[in-house]
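Shown below, as structure tokens, is a lone chain in the form predicted on its own; questions about how it binds or moves come after it.
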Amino acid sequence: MLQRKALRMPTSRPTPTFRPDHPESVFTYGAPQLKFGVGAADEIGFDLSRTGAERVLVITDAGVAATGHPQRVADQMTRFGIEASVFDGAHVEPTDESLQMAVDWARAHGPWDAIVAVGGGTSIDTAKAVNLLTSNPGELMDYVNKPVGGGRDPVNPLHPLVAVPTTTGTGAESTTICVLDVLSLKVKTGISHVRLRPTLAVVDPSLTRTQPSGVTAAAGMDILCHALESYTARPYTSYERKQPEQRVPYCGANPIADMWAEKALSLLAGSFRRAVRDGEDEEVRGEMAMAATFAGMGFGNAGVHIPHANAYPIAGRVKDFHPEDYPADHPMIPHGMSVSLTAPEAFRFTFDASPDRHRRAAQLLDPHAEEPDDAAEFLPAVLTALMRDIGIPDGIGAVGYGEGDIGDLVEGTLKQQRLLATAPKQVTGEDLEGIFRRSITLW
């Protein structure tokens, strides 16, 4: 290991001066350690034993807890002298209230040496919030992204976090963001900081066999939009040069993120429809898990843009929609579904910023599709054909929104400037209004 002394800069070396109009020439890449494959979840006790952890909190939701996976993960830790407790109160599509409840429970029953999240984005995002607020001072809204919250940075290191996805979609095991609904404001937002990224991602495709068809479809659209948005994001070279302390995880499209996005799209082309039709197909479950991991490694560095920004108010202002295969105790629009509902129109809007990338993405997603005379229609056509096949609702009208809601949806999207800044072209409120209006019915 390098000694600290070897990392110090000579005092005689001048500090470089960056002109504010100088284009960016640096991109960053970060990812958790990864353990992938059937049986990988059986090794978590061993992995944690190497950190010196003695008390571990396992976070999951009630639905995943019913499969027995979280308890099995907890039980295996006893062989390594680790005491593990399971909290199964994570709320599907986390809210500020549900995260605060989890944080309060963890604070009351702690301290903890490490945290393990077993489940989908619900459990992993809840674990990120718990990890942040059991290792740092302050309250939840202090850390929520501006302008909704305080945008505070953590001052202390976080505990080791092991993310074990049981759904194939969110990519939360690879990313630096925790997504939540702020109920009083009816807006979906997030907490974003590099320290939130899990220490280890354990991706075991066998854990996804219990994922229902409707969840596979919605979560799979999240994978797809992660790949498409990072691939079509504003290039990192289009930004002004940043000072080192100004660098953020989302740095724009770059060669490494492009590689992950292209591979994810190729995997989805062969496995997505099959996974929705037959959840017991071990081969396609493995390919979907791999696609989710690859897409997460891509967008977790390049960023996402308009479809995700639109998704926050779509999900946050839900009225009475109840999706298939999700808990029926409250209305909700799953994150992946909400992202997909304006994606065809969003990519029609961004086409002229990078025509070749949009066409390439369509070809990767459906190698057999013929490019139409109007190339701007290629990717939207491929997307809507897929959405019809897997049972995604026909636009925002099908989940309860109409013309009268567009103003509120636009207002909610404009609050997501962190995401809109990654779009490959400038997007105004008028542009968003057009995207939402044309997305009331997609086909």
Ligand SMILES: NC(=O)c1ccc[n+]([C@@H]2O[C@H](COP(=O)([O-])OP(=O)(O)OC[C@H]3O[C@@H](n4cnc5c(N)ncnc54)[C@H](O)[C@@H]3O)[C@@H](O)[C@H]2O)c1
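All residue numbers are counted from 1 along the displayed sequence. Treat the numbers as computed from the prediction; the structure is a model and nothing was measured.
Here the subject shifts to the form predicted together with this ligand, a form of this protein not shown in this document.
- The three residues G121, P212 and F299 all sit with a heavy atom within 4.5 Å of this ligand in the model of the complex.
- Interface residue among S271, T208, N145, N254 relative to this ligand in the model of the complex, by the heavy atom within 4.5 Å criterion: T208.
- Site annotation in the model of the complex: the residue of L133, V318, V92, V203 reaching within 4.5 Å of this ligand with a heavy atom is V92.
- Annotated contact segment (heavy atom within 4.5 Å of this ligand in the model of the complex): 173-181, selected among 348-356, 173-181, 102-110, 271-279.
- For the chain shown alone, A264 is not a contact residue for this ligand in the model of the complex, no non-hydrogen atom being within 4.5 angstroms.
- Interface membership of D61, defined by any non-hydrogen atom within 4.5 Å of this ligand in the model of the complex, is confirmed.
- At a distance threshold of 4.5 angstroms between non-hydrogen atoms, H335 is in contact with this ligand in the model of the complex.
- For the chain shown alone, K188 is a contact residue for this ligand in the model of the complex, at least one non-hydrogen atom being within 4.5 angstroms.
- Within 4.5 angstroms of this ligand in the model of the complex, the stretch 219-242 places a non-hydrogen atom from each of A219, D222, H226, taken in sequence order.
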